[in-house]
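Below you'll find only one chain, the form predicted alone, shown as structure tokens.
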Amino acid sequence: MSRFLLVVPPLTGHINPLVAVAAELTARGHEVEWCGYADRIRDAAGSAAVIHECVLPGTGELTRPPTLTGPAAFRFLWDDFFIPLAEAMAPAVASAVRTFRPDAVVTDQHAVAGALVCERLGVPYFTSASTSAELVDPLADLPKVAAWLTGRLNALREAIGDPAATHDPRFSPYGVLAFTSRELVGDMAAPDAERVHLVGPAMAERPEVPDFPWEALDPSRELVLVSLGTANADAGTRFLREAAGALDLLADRVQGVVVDPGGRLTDPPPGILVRPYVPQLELLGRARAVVGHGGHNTVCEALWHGLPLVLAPIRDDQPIVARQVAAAGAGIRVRFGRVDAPKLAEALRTVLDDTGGHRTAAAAIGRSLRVAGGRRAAADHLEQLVTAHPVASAGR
């Protein structure tokens, strides 16, 4: 059997897909260990996870000014979070490789230390792409920003990687696990397409939310889940209020569950459940539609269940994911900063009634995501990697 090291940033949406892959690898008899921020990994993977702790810059949390969007948000994300994160993680990643001696590493696309340390130490690795956004070159129309990022990654490689390497460290030359499907990505070409494996979402059981009031769900109304993910509480106050207003306008037919980890929705209309955390996969199994920001994991999990979406992207990969959903016909995109309760209610009516065929399209994409293989397909590719590229003892 083989040993796999998983390298992740302290972002729940980036960890969750690999939790499922880790469970599949373990079930097949392989050894799996993690490298990253221990508390965040244990929250997702459980207390039994074996973790090589990283010292992270600052608090290890991603916080940004609420109004920061577009190229400025992209630069901030790399300059103030991902680059310092790579510099801080590199020593722990190198130590984990030397002590655990993995046959292969799976490193998140944005935990760049994993890629750079592996290339320096000669260990084969796969990239875990938890979002499809960078598969379609989001900087194609922003050449100056693209050149800036290339320069920053080159400097990082000089410091912690192999200066002789020339490939983009966000895309492993050995292969990329992308947790999506061609039906969702569309026809836009992926970089190194022959090495990008579209495996669909990797689903796994998640820690229970013991205080969720299941008895409060009304089976006579259609359930709508509203979520802006775990990293957007700073920007979401106005939108959550408008979403609550939209749900109230549809209260005769809709019951809303709003995820509000930041506690911003202090006075919701009656009949709307507002919780800091929810058992998302279980709720999606009961829901009829999802309102969100275009976070890739939630989008794919909703589509896996055949649910249409109303998406209000904020920044980062979200506009691209929302555009993919709208282009595939599986949802409606609205303006995060401008949409109001009546317009959100109108969009929800449209997807709930399937007047634009959104539910039909969502069901079709859901089928494509399920047949892509998910955790099993990802584990298959990793086993093939180990067979094709055995690691020399000296390399570890």
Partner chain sequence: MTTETTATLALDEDTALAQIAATLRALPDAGLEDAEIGRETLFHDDLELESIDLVSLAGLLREHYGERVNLALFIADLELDEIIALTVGRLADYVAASLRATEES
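Positions refer to the first chain, counted from 1. Because the structure is predicted, anything quoted here is derived from the model rather than measured.
What follows is about the form predicted together with its partner chain, which we do not show.
(request) Go through 163, 276, 285, 71 and name the one with a heavy atom inside 4.5 Å of its partner chain in the predicted bound form. (result) Going through each option in turn, the one that passes is 71.
(request) Select from the listed residues 221, 195, 323, 120 the one whose heavy atoms reach within 4.5 Å of its partner chain in the predicted bound form. (result) Looking at the other structure, the residue within range turns out to be 323.
(message) Would you classify residue 367 as touching its partner chain in the predicted bound form, given a 4.5 Å non-hydrogen atom cut-off?
(response) No, residue 367 stays farther than 4.5 Å from its partner chain in the predicted bound form.
(request) Although its partner chain is absent from this view, report whether residue 153 comes within 4.5 Å of it in the predicted bound form, heavy atoms only. (result) No, no contact at 4.5 Å.
(message) If we define contact as a non-hydrogen atom of the residue within 4.5 angstroms of the partner, is residue 42 a contact of its partner chain in the predicted bound form?
(response) No, residue 42 stays farther than 4.5 Å from its partner chain in the predicted bound form.
(message) With the partner left out here, check for me: in the predicted bound form, does some heavy atom of residue 337 sit within 4.5 Å of its partner chain?
(response) Because a heavy atom of residue 337 falls inside 4.5 Å of its partner chain in the predicted bound form, the answer is yes.
(request) From the candidate stretches 174-182, 73-81, 255-263, 104-112, select the single one in contact with its partner chain in the predicted bound form, where contact means a heavy atom within 4.5 Å. (result) After filtering at 4.5 Å, what remains is 73-81.
(request) May I ask whether 142, 333 and 343 all come within 4.5 angstroms of its partner chain in the predicted bound form, judged by heavy atoms? (result) Yes.
(request) For the heavy atom contacts within 4.5 Å of its partner chain in the predicted bound form, list the residues of 258-290 involved, in sequence order. (result) Nothing in the stretch sits within 4.5 Å of the partner.
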